[in-house]
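Take a look at this single chain, the form predicted on its own, given in structure tokens.
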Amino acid sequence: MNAPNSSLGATRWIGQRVPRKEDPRLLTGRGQFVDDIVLPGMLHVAFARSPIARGRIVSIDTAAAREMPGVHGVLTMADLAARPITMLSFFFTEAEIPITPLADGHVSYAGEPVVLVAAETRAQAEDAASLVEIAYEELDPVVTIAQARTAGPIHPGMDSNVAAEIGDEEIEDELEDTLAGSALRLSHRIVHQRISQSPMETRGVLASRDGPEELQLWITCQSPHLVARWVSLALGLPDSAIRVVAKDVGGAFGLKNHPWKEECAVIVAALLMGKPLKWIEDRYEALTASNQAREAEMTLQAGFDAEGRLTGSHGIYDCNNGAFPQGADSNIAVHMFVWAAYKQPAYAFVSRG
């Protein structure tokens, strides 16, 4: 074997502490996050949210909110309907149930945005939002995977609470014979609790209309090209009509792949009002209204031969998407990763959201 080439300059870094080149700028306040962007004529957004997990909206009274100082707009879903938007999943597919930026006739989770308030300052917007009076007819919530399996559909027109399903729960004969004939057959159930992603920088968006239908977005996101494509499809606009600016981002953890209800409400309202609108999620909103993560259950069977080598496996995976299937639906990625480090001769599964 030839001796290592000591002339390679990169070898000087092996085993050395390497300063992170971005730290001085961020630690001295020279970063630029969404909330640092200020545009002329910009208004701030706050939401009146549902305090209950499930119910019908009986009435909405916005009169007091509209009279508050600095308020430029108080919008319900009836107002946003003037500019249609198609809420998509992570995979750019349209959901089988209606999803709207603001609650439309009913609420499906605690913290769901019902009314958007735009004002000259965030404090004015929050004060006005607190004066919106919403009456509800409360219904029994469906919270857990176990409840979702047995409860009637929470969304009209659905046969069950399964939003998406891939695979087959019944093990096919060939795989069953392999597992049954294995020297060892194990079955294990794993439960992962629900969590909140809680990035240091909460969700935020600044939407500015540029011309009749051009749109510029400053948004805290993981993937600006994905957001641009998602928004263009959701609004029915060409790719060239959407410009997404993502500068510094304070964490994401899967939460910031695409816009959720609040970001879409701000985008549509900005198009309708013709003014730049900014919404920065506060920590209370982040913990109550941001999309949940993780809650999942998996039952995995695996067969091994006498030497401990895998012969085959079958997985049953259920994930709690929450009230609306806007995320990874049945999350087939779990099955792609579960045996990624092993030589697995045969694998079958069912995956449900």
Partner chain sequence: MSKHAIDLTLNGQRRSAGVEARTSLADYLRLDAGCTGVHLGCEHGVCGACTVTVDGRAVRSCLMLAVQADGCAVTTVEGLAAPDGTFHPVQQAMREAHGLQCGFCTPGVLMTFAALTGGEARASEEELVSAMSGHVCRCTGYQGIRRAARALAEGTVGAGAGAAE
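Everything quoted here is computed from the prediction, not taken from an experiment. Numbering follows the first chain given and starts at 1.
Although it is not shown, the form predicted in complex with the partner chain is what the next lines describe.
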>> Please determine whether Lys343 contacts the partner chain in the predicted complex, using a 4.5 Å cut-off between heavy atoms.
In response: no
> in the predicted complex, does Val249 have a heavy atom within 4.5 Å of the partner chain?
Replying inline: yes
>> So, Thr28 and the partner chain: in the predicted complex, are they within 4.5 Å at any heavy atom pair?
In response: yes
> Does Gln197 reach the partner chain in the predicted complex if we count a contact as any heavy atom within 4.5 Å?
Replying inline: yes
>> Please identify, from 59-67, 304-312, 281-289, 45-53, the stretch that has a heavy atom within 4.5 Å of the partner chain in the predicted complex.
In response: 281-289
>> Only one of Asp104, Glu201, Glu176, Asp79 gets a heavy atom within 4.5 Å of the partner chain in the predicted complex. Which one?
In response: Glu201
> With the partner absent here, would Arg17, Asp23 and Asp36 each sit within 4.5 Å of the partner chain in the predicted complex, counting heavy atoms only?
Replying inline: yes
